[in-house]
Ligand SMILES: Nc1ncnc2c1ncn2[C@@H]1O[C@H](COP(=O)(O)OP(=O)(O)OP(=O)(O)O)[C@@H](O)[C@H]1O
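Take a look at this single chain, the form predicted on its own, given in structure tokens.
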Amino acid sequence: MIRFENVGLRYGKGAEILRDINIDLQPGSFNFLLGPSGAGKTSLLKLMYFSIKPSRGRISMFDRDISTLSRQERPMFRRKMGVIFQDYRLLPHLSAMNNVALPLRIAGLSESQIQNNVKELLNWVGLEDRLDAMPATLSGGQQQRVAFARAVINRPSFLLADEPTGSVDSKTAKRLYQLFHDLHSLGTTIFIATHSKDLVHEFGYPCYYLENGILHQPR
């Protein structure tokens, strides 16, 4: 499903920050990415949801070389993916419900479908009593769960998460990882960048390690 072949990345004329990256993520797999701060984990995820282009090498997703995608094809391709950003990126003027509903509105679903789907999902993540809450009134853990719900509302084939538990307590972190586990059990391919070795070991899924721009394969 997701394949990197000898991918390199540099910004401007600087040295490569990612070198000879090779990844082969199988459909329905669950994968972690560990590495110290500054190792390039966020840049690697940006390549995966093609907000940046590699300096060299080949990236294919869903049986397509992404370098061949036209501008018109990119939005449809991105709908196959869900992304949970490190800083949540919730829209501050929209309620929790309307933040989660946004992808469905963009996709053109009816309002009744949107209401039913969003309420069901927010109930699943334990926020059924905060539907109308604005982001500023939610705790960090609650905002993270809203971001999770928004990322998966379209039932993506591939879910990316960048440090999804970096600013929440250990109890909330375990709850979030249980949600990832539940989603994975439905067939979604998951790739999570994290600092939390304890949670990686607890869940036991394959783990890549990135250091000094070099990606080490799971053992």
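All figures in this text were calculated on a predicted structure; none of them were measured in a lab. For every residue, the number given is its place in the sequence shown, counted from 1.
This protein has a second form, the form predicted together with this ligand, left out of what is shown; the following refers to that one.
S.K.: So which of 31, 55, 43, 60 reaches within 4.5 angstroms of this ligand in the predicted complex, heavy atom to heavy atom?
M.R.: Contact check passes for 43.
S.K.: Flag residue 86 as yes or no: does it have a non-hydrogen atom within 4.5 angstroms of any non-hydrogen atom of this ligand in the predicted complex?
M.R.: Flag for residue 86 set to yes.
S.K.: So in the predicted complex, does any heavy atom of residue 159 sit within 4.5 Å of this ligand?
M.R.: No, residue 159 is distant from the partner.
S.K.: Give a yes/no on whether residue 51 approaches this ligand to within 4.5 Å in the predicted complex, heavy atoms considered.
M.R.: The answer is no: residue 51 has no heavy atom within 4.5 Å of this ligand.
S.K.: With the partner left out here, check for me: in the predicted complex, does some heavy atom of residue 173 sit within 4.5 Å of this ligand?
M.R.: Close contact is absent here: in the predicted complex, residue 173 is far from this ligand, nothing within 4.5 Å, heavy atoms only.
S.K.: Quick check for you: of 33-41, 61-69, 182-190, 149-157, which stretch puts a non-hydrogen atom within 4.5 Å of this ligand in the predicted complex?
M.R.: Of the options, only 33-41 has residues within 4.5 Å of the partner.
S.K.: Taking this ligand as it sits in the predicted complex, which residues of 6-22 have a non-hydrogen atom within 4.5 Å of it? Please list them.
M.R.: 11, 17 sit within 4.5 Å of the partner.
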